[in-house]
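Encoded as structure tokens, the following chain is the form predicted alone, with no partner shown.
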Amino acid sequence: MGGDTAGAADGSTIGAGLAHRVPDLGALELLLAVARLGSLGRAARETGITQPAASSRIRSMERQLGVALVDRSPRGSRLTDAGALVTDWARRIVEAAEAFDAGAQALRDRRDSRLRVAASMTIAEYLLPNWLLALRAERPDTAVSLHAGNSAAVAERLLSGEADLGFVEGLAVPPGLDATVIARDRLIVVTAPAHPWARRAKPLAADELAATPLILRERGSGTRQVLDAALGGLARPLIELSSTTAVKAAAVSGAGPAVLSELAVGEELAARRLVEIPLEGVTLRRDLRAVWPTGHRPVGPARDLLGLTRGPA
């Protein structure tokens, strides 16, 4: 056991010391420019630094390596024998760094060529379209795919690596995800104009709403979670549907009352296809959140889309 520990310690020391013993890429690129141009001044201009800074960098590299690299004279700068050897090594290091940079850029290009978004229904239908149009203006070459589902399904896709960024409407951040609030929403009770509730003189009490069979979203949806928590339980659903659009259509048809995001029913309320029923005794508000796997802050197109959610929708 003692030998293993010593070996690990030695390896750590060697790794930590390497950065102090090997010149940085900027210094190696400067040395290659001196070798190619035969002039420290021209090499300084090519690498974008002053001649005094170039001289200082060469001297620092010579101290670091413990050998003289460049002979300076009024006629120019010439590599020493040791400098020529170090330059050969430097060329291989710089070429390897260029290959590394090209590979990293290829990875970024592949990442930036697509964006997979998962969003709960209300956000997917009523907020994301404008955000995605704005993203397209900024990143026309990024292909975007959108999966709309309930908040639980969004969390599953993020945690399985099937989505890069998600949006949810529930009460809390799903386990395993980090989040930021991007908007706030209010749920309202709506019915068709012919429903008896549309003619009532007093606001609807929270306990009456809880006791009434409603047209509801399925379990796992953010709307259902907020409503259930606020009312302390719900009656058996009149109808259970898997999308906001379907719930809204059923309410417009007169099938029964529903609770929907005010984002989703603006047109129907304005056209009097639906009526908002005042509610007392409870406030149905919720946070809309962007979410991503814990510890993996969005990058590339996902980061850009997240930034757009903080502007006007």
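The first residue of the sequence shown is number 1, and the count goes up from there. Being a predicted model, the structure only gives us computed values, none of them experimental.
Only in words, not in the display: the form predicted together with the DNA, which the text now covers.
J.: Please run the contact check for residue 52 against the DNA in the predicted bound form: heavy atoms, 4.5 angstroms, yes or no?
T.: Although the DNA is absent here, residue 52 would touch it in the predicted bound form, with heavy atoms inside 4.5 Å.
J.: Answer with yes or no whether residue 75 is in contact with the DNA in the predicted bound form, where contact means some heavy atom within 4.5 Å.
T.: Taking the distances in the predicted bound form, the answer for residue 75 is yes, it comes within 4.5 Å of the DNA.
J.: Might residue 48 be said to contact the DNA in the predicted bound form, defining contact as any heavy atom within 4.5 Å?
T.: Residue-level check for residue 48: yes, a contact with the DNA.
J.: Is there a heavy atom of residue 283 no more than 4.5 Å from a heavy atom of the DNA in the predicted bound form?
T.: Heavy-atom contact with the DNA at 4.5 Å: absent for residue 283.
J.: Just one of 32, 263, 249, 40 has a heavy atom within 4.5 angstroms of the DNA in the predicted bound form, so which one?
T.: It is 40.
J.: Of the listed stretches (263-271, 250-258, 52-60, 284-292), which one has a non-hydrogen atom within 4.5 Å of the DNA in the predicted bound form?
T.: Only one stretch passes the 4.5 Å heavy-atom test: 52-60.
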